[in-house]
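One chain follows as structure tokens, the form predicted alone.
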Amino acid sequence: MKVKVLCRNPDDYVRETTRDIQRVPRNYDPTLHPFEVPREYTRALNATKLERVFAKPFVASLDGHRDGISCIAKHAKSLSTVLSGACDGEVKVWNLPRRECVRTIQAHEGFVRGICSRFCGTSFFTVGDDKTIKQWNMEPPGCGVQEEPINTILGKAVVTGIDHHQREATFATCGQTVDIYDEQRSSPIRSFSWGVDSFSCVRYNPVETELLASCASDRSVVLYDMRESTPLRKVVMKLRSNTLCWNPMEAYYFTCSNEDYNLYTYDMRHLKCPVTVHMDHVSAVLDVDYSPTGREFVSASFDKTIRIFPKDKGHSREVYHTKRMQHVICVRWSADNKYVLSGSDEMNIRLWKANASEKLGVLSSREKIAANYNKKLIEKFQHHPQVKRIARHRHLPRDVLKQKKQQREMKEAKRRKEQNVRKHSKPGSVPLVPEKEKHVVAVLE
């Protein structure tokens, strides 16, 4: 029988007198350096500084439109192809690696309100102010052949949004009602309405493909199931939501962009209060799109900036802006999780890096190891005051900074007023409402 005994000799760690210096145990293993933590902290600080030095997110500008960009769509199968629609009814197909327009279509009279690719990538759909839904071939016509749509559906009212099913030959449009179309039929196979005069956005759930959600003009977000004849439920908010996007990895979560400068992430099973309120914009948020990993999303705002938010954090990790970029109308995250596309009022589509300091091109093995090591060091020391301060700092346009300061003062004044009212009222008569519950008016089944 083998017995292991722990032996501690007091002579190794107890001082003989109080004037003696403290005996510090030392590990003689050469791989463990006595100053390992200070050395790693210095490296983490340098890595954080270098990350901010090399943060150059702007990649390219795609210009060619003659009016403001109203919508952008990704190709369902190809990373290098992007579709864009403008306010003059023009649709362009872009090749991203060559950064050039490969095809131009005069699709509609008036605004192009929505554009989406078929799930197989062979064709795409557009809707516009001329009350038509048009299906176009993804491949350009032969030389000398006039550009004609494959199919045209004339609606009864203006269609404001469109989205295609992930696996089936059906698509959803929104206008005065939310309509479900079969590609082989010219009339909707199902229509949903809930006492609302118009809808601004409709999106299919990429995971639970029978579910849809739409943003309505009565400040509500409405959920639908294609297998049901009536809408499932709706949540009414204090201000109107412009667009929404489903999380591609978590089936029941979606994020909507709101007119009150915030974004709200909801769990569709519990709509009484949002899971997270994302606050950083200083003007109405006009569009939102998730990354393919479902961990982050990008938002476009009227304040001429785009921001990248972690899905579970209340504040953005990144903000992009340029002097020339005006109100950002639409935004998309590329399917390879590396780039962000934004379309704005001044007729430009801009390509940004999703990770601002990431090095483009082929990396050697040593570069990959160094990048991963620096990333881990920054994660390890991310809560240290110096590292945190450098990593969080962003240069903002003067107008945005001024508006942010004004909003902070207004919120502080409002909070002070509530505290004073509560202090001088009967105990319990003025309840303390959490921030998440302030923005939801009602949930209707």
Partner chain sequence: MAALVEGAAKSAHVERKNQKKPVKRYWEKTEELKNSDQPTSDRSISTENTADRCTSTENTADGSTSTENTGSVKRRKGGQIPSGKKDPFPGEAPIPQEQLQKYQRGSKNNVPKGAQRRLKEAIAWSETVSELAQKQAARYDLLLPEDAGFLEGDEDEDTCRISQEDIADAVDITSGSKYFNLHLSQFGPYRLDYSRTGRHLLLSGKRGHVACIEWQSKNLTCEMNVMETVNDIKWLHTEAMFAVAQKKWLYIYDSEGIELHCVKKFNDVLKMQFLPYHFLLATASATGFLQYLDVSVGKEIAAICTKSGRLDVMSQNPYNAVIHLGHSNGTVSLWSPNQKEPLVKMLCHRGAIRSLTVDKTGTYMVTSGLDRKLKVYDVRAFKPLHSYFLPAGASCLSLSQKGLLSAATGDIVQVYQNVWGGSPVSKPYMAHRVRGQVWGLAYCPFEDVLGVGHGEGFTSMIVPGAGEPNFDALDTNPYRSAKQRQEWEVKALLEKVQPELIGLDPGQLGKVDQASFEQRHKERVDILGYDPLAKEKFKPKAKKKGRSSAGAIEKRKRKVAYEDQRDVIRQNVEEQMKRQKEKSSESQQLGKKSTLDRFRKQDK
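Residue numbers count along the first chain shown, from 1. Just so it is clear, the model here is predicted, and its values are computed rather than measured. If you superpose the two forms and keep the largest set of C-alpha atoms that fall within 1.5 Å, you have the rigid core.
In what follows, reference is made to the form predicted together with its partner chain, a form of this protein that is not presented.
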Consider Arg23 of the chain shown here, and say whether it contacts its partner chain in the model of the complex, taking contact as heavy atoms within 4.5 Å.
yes
Can Gln419 be called a contact residue for its partner chain in the model of the complex at 4.5 Å between heavy atoms?
no
is_contact(Asp312, its partner chain) in the model of the complex, heavy atom dist at most 4.5 Å:
yes
Proximity of Pro434 to its partner chain in the model of the complex, heavy atoms at 4.5 Å
no
If we check its partner chain in the model of the complex, which of the residues in 11-49 reach within 4.5 angstroms of it by a non-hydrogen atom?
Tyr13, Val14, Gln22, Arg23, Val24, Pro25, Arg26, Asn27, Tyr28, Asp29, Pro30, Thr31, Leu32, His33, Pro34, Phe35, Glu36, Val37, Pro38, Arg39, Tyr41, Thr42, Arg43, Asn46
Core-superposed C-alpha of Pro10 shifting 2 Å or more between the shown form and the other one:
yes
Where do Lys368 and Thr31 end up in the model of the complex, Cα atoms closer or farther than shown, with a change of 3 Å or more?
farther
Your call: Glu40 and Tyr28 CA atoms, closer or farther in the model of the complex versus the shown structure, by 3 Å or more?
closer
